[in-house]
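What follows is a single chain, given as structure tokens, in the form predicted on its own.
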């Protein structure tokens, strides 16, 4: 993705000026991802984006799913929760509604998101919960040694389906665009600068920001290596007439996943009222639910059971 020297210089100066924030996101645990895994770059881009947007680690809650992406839960500084398979979105949504002062970032793989947890994805988009969701899409269940997932391309031979996948894969961004979303974007683990740019925009979005990260899995998915993506990737930023406010244009541009795979912000709706503001029983209330928790004396209640 083309980028001016002035823009790069500005980013580097900001990172240098906020290095204390960046260092706080450095986890102390030994990283155990496979050599060349896309998770390294995705996490680095996330730390950069959070630093550039001025989020200190105490301001953020990370909700991780089961899977290779979930192994990042102890490798980034801050409040992290390693949740249940396919449930990182619901976990993050609860936290977002309970404490509006936190930035909620949920992560999940293509397996847990498009299979086990697809119902949570649907209703999070529908409700437009105030959170960022990062879909790690490596087209397989990597942690359980390479079984085909809902996004594995048809014909690809995987562990568990050695004769090749016989059904058409799901296209996550295309799927979400059919749910009346407010933010849909896609990036690639081989481009840290682009991922950082997309994540910064997603962090500033007031509703549910869906970001699909295409990533390589060098150990179990030999069908889509780095070179496969490099030969097909295109950038929306290079399209002069593309407008991210047109949902129909967004649906068209994400359909091709064979020859031209576009990256960028496909669609963004900025005038949607936040979820909490749409609740009649929260009208006029300025506090967050977590601030309204109180202690109640239930001794009289307990006496009724004596």
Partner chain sequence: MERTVIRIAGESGMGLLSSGHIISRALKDLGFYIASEREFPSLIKGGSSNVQIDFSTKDIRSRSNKIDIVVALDRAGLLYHIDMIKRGGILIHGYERHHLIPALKEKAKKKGIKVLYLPARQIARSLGGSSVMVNMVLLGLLWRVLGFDINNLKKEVKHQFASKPKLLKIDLKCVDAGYKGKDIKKIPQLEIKRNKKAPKKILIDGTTSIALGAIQAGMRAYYAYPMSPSSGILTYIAATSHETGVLVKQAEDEITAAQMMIGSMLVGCRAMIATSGGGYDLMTESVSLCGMNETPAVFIIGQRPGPATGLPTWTSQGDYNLAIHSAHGEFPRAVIGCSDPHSSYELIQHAFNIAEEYQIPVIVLSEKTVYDTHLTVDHFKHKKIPIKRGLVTGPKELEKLQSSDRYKITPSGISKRWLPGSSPAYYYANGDEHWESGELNEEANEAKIMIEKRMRKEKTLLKNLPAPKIYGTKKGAKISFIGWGSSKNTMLDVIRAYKTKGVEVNYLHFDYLWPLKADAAKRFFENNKNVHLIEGNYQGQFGQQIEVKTKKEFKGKLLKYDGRPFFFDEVMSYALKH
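Numbering follows the first chain given and starts at 1. Keep in mind it's a predicted model, so treat the numbers as computed, not measured.
A second form of this protein, the form predicted in complex with its partner chain, is not displayed here; the remarks below concern that form.
Comment: 51-59 is the region of 51-59, 245-253, 259-267, 38-46 lying near its partner chain in the predicted complex, near meaning a non-hydrogen atom within 4.5 Å.
With the partner removed from view, the residue among 225, 94, 164, 160 that has a non-hydrogen atom within 4.5 Å of its partner chain in the predicted complex turns out to be 94. When you look in the predicted complex, the only residue of 239, 279, 273, 31 with a non-hydrogen atom within 4.5 Å of its partner chain is 279.
With respect to its partner chain in the predicted complex, the three residues 145, 190 and 197 uniformly fall beyond 4.5 angstroms at the level of their nearest heavy atom. Its partner chain in the predicted complex comes within 4.5 Å of a heavy atom belonging to residue 99. The closest non-hydrogen atom of residue 179 lies beyond 4.5 Å of its partner chain in the predicted complex. With a 4.5 Å cutoff on heavy atoms, residue 76 counts as touching its partner chain in the predicted complex. When its partner chain is considered in the predicted complex, residue 286 lies well away from it, no heavy atom lying within 4.5 Å.
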